[in-house]
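So this first bit is one chain, no partners, the form predicted on its own, shown in structure tokens.
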């Protein structure tokens, strides 16, 4: 025997719609979702106090930056010498390794030809965080979290990181098509050694 009396509201083409109440568990989910949505709206969208997505994001960024800094305080980044990095920029074996790492890690933001996409153009003489090869090494290793560039020093082995910097240096002056406009300060590139 049915719990409720089946009362037909209407029927079309042999399909009948009944006027039965919704199950209690479904009503509980509905009302619970409604209450949650109202509380969520008040907590985040109406920002009672300082509890906003932005404040949470900024708090997490401060925590992340301090953890990155703590890592580098205990594991200092010691870049290779300028001479070693510049020598790699004319060494075909180093350039192959650096290009492979660039394609895998850097091209999504800097473009396949380093012309700049989300990240800046790496082929001109303008740099946001220093254009000397040791400065580029440190920037890649430590990242620039405030601008969305991750810290690659913990993810890329040092020899690949050095090869990557050498490859980036080898691209100076390549003038790819559709290059992003210059950003940062103009710097004179360090001269490459003769082959």
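Positions refer to the first chain, counted from 1. These numbers were taken from a predicted model, which means no experiment stands behind them.
One more form of this protein should be noted, the form predicted in complex with ligand HEC, which is absent from this view; the next part is about it.
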{"item": "In the model of the complex, residue 106 touching ligand HEC (heavy atom, 4.5 Å)", "value": "yes"}
{"item": "Ligand HEC contact in the model of the complex: residue 85, any heavy atom under 4.5 Å", "value": "no"}
{"item": "Distance check, residue 42 to ligand HEC in the model of the complex, heavy atom within 4.5 Å", "value": "no"}
{"item": "4.5 angstroms heavy atom contact with ligand HEC in the model of the complex for residue 130", "value": "yes"}
{"item": "Contacts with ligand HEC in the model of the complex - residues in 112-126 whose heavy atoms fall within 4.5 Å", "value": "118, 119, 120, 122, 126"}
